[in-house]
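Below you will find one chain, with nothing else, as structure tokens; this is the form predicted on its own, and questions on how it binds or moves follow later.
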Amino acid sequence: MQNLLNRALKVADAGEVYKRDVKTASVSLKMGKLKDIQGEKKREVSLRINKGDRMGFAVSNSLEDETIVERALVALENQESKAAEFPSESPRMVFSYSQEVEKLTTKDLTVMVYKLHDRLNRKAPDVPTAISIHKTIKRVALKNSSGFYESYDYSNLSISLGTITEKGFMGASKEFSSGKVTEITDRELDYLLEMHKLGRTQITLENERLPVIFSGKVMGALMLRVLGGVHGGNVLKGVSPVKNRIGEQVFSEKLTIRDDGKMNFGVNTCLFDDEGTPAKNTIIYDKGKLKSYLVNRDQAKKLGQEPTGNAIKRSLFSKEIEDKPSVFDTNLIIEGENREDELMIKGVKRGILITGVMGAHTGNINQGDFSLNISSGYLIEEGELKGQVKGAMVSGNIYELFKNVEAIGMRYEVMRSIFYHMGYSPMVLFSEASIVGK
């Protein structure tokens, strides 16, 4: 890395070399038969250089690439990118890596999916299942001309469990994702099978306003809108609904939201972000009051904040080395006064438990609007789940919905935002939401 940085500094005032080595392996099983085995190993390198008040950027798969400096220089001369600030502060240690996960071979993953299949099959031999396990190991290093040189290891093991309906469609599903090996309990398997059983009873609804419980996984679709509001770039552009509202009561006092890049073995835990800012635990909303925006280094200067460690090489739909660092979540965590999940459901006279949605990327995300097809949801009547809701949507705006938090559950699930995991949330009960039925 130093050799590449030295080459860059011959033509530039400052520079940064970012290196990422990635190994993945995945195994999937469908209806008791091995469906797919995949693996990949790659090296990714990016170079950023400053010259005057401009920045250039180029990527490669090798530190020895003879053209990367020239390509970064051409980009600098032909693109309107302002010079980047390269940090020098050293981060503290985080727990982002498990040797136990790295040692898992493809054979080990295969044994794990078959064991999960056997456990489900013993409980419900008539229910076909789809099971997949995906392992990721990353080694990330960053070196710049300001004296920063740090690296960290990252591991992740993601498990997806699903059932298949009589018509061959996906039924109930459950996801787990952690930096270490996760034990899946019988209680969680029983819950999955119970949701599958409820799916055999199809229920249609009229247009109405009902109490709604979003499962932890589905909260990701709403948190994507929260993220749009506190994104430093949106605040500076004036398109955030919470611009100039630091310290104000925006959401219910029952709700606290933080972004914790240092969370032990979290789905997106890191030592530093992709600009070199140390990972942080940032309180975004404290009991509903807006406390902080999520900002990169440039945005932090303009807004008078400290950078929050959220500059990530990704976009809404990708996590590639070509993606320039942009503000995204690390481990978003939803907290509050918790209530047992079962008691929360029992307290609803008539409402919906939503466990799957489609269309999270649609609508005016930055303004908080949502209109989500309910791909998996269950009607609640007199505190009991009665059957699966068919052909319905839930719509609204988070700045209204999040004022009406009634209760927050106990059991945390990994949140999903379109293609990627974004943190952890329990189920959340909202007093009322708009349901579009048949």
Partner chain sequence: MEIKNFKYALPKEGFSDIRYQEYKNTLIKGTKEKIDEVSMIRKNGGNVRVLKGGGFGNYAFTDPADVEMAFREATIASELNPGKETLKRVEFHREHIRVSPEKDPRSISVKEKKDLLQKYIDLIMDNSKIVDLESQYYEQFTDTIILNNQGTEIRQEELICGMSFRMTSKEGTLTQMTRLSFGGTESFDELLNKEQEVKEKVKQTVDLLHAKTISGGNYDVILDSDVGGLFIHEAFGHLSESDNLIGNQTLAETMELGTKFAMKDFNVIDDPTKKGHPGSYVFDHEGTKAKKVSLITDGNLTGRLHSMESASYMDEDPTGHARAKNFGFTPIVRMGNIYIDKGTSTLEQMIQSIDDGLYLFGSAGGQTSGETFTFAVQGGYRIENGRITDMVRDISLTGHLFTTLKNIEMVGNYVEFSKAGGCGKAGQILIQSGKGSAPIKIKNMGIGGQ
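Positions refer to the first chain, counted from 1. Because the structure is a prediction, the values reported are computed rather than measured.
Form predicted together with the partner chain: not shown, discussed below.
Contact annotation: A360 falls within 4.5 Å of the partner chain in the model of the complex, judged by heavy atom distances. For the chain shown alone, K254 is not a contact residue for the partner chain in the model of the complex, no non-hydrogen atom being within 4.5 angstroms. Interface membership of K51, defined by any non-hydrogen atom within 4.5 Å of the partner chain in the model of the complex, is ruled out. Taking the partner from elsewhere, K30 is found to have a heavy atom lying within 4.5 Å of the partner chain in the model of the complex.
Contact with the partner chain in the model of the complex, defined as a heavy atom within 4.5 Å, is made by all three of S60, F317 and E322. Here the chain stands by itself, but in the model of the complex one stretch of 96 to 104, 331 to 339, 165 to 173, 190 to 198, 165 to 173, has heavy atoms within 4.5 Å of the partner chain. Residues E80, S81, T106, K107, T110, Y114 of 80 to 117 are found to place at least one heavy atom within 4.5 Å of the partner chain in the model of the complex.
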